[in-house]
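First, one chain by itself in structure tokens, the form predicted on its own.
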Amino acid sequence: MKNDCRVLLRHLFESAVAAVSPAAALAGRLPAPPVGRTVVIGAGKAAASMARFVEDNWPGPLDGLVVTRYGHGVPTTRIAVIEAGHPLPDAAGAEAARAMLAMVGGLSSDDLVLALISGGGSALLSLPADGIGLADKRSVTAALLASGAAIGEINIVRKHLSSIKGGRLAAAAAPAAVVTLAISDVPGDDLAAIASGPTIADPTTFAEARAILAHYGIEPPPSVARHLAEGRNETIKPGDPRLAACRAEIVADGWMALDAAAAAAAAAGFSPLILGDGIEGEAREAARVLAGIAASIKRRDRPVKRPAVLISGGETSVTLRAPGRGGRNTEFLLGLALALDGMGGMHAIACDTDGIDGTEDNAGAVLAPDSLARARALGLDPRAMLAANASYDFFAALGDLVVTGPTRTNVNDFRAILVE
């Protein structure tokens, strides 16, 4: 039964990912060709595969440039693909952003900019605002990632340290029409938050960015502190006339992935219960909450009868307390294992839909009722490993990592808990 559950969990994850692939998301969603030029730009973990779909399905001439994470590229012929650093920005991402701004400059109202945006684009479009060095921007990003800040908070800061985010790319393209097709990786599917909204008006402010750094006790480098304090060159606000010819839509999101997994679970004879696609907060704390729901199903057949599967998405966070190896999905699972404490009939999977959990080589991992017992038999201390943020090492020792390689899409985390 353990192996059967493992196979089913992988099937649920694969069904979720397939439902939000660029080919599925973009089918029937491309705009009509313009009278003038078509320039394709894009950023994110799905950007290269989205560009490939456009190349294969566009009826007229086009050119352009997209930037994606290292290892997430695909072959293209007319749209250039640049790979760059994620989650920490690097020079390749800065150069890609600079090239995109130059590419959309000088267009006319007869031209079209097709923006292909997906999760990860904020780190990849790493061109800093004037007066800020890339090293300083990188240090602020690293501090935010380690602080436990929510992705929305991180992106508010990123927008205000950028030359291209927060609507600035669309403003540079005026008066051309800008059509943004986005694969959402953010809770709530806020277009302005996906990749920090390079083509979307931004209502947030420098004051909010300063407050976020202060809240998490982050002391920025002098160039960043000075830029945020001066508050010049705000992001592009709603109603700006330069964005009058812009429209945007989300073509894939977390709910689509969760719905596909729920259908696969029902077909396998399990009662699916989708808890939501916007679960945030500390990964280990989210695990305690979901463990309580799973235990209620096990003991009382409530809020759904067994056999059941709890399905959820969103983006949890991890506050680094020690220099261990791990990502938010393996940390969630290790926290879940400790909260369930070997309760029978519980199997789980937690993976990032982009195929990369944090900065490691795995998408996530799977959990079985005997995971803690097997770990202790190997001489491991699960609670100490959670305290050390060493969840990757925990599941690697058990042989329970899920390794898929880049999926070239991204609607954030996928979690499923089977309750027999």
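It should be emphasised that the depicted structure is a prediction, and the values quoted were computed from it without experimental measurement. Numbers for residues come from their place in the sequence shown, where the first is 1.
Another form exists, predicted together with another copy of the chain; not displayed. Remarks below refer to it.
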Quick one: which of 233-241, 115-123, 302-310, 171-179 gets within 4.5 Å of another copy of the chain in the model of the complex, going by heavy atoms? 302-310
Mark Leu101 yes when one of its heavy atoms lies within 4.5 Å of a heavy atom of another copy of the chain in the model of the complex, and no otherwise. no
Can Ala286 be called a contact residue for another copy of the chain in the model of the complex at 4.5 Å between heavy atoms? yes
I'd like to check something about Gly292: if you look in the model of the complex, is any of its heavy atoms closer than or equal to 4.5 Å to a heavy atom of another copy of the chain? yes
May I ask you to check whether Phe206 falls inside a 4.5 Å heavy atom distance of another copy of the chain in the model of the complex? no
Gly335, Asp354 and Asp413: each with a heavy atom within 4.5 Å of another copy of the chain in the model of the complex? no
If you check Arg226, His215, Arg247, Arg325 against another copy of the chain in the model of the complex, which one has a heavy atom within 4.5 Å? His215
Another copy of the chain: the contacting residue among Glu83, Asp189, Asp111, Asp136 in the model of the complex [heavy atom, 4.5 Å]: Asp189
For the heavy atom contacts within 4.5 Å of another copy of the chain in the model of the complex, list the residues of 132-164 involved, in sequence order. Gly148, Ala150, Glu153
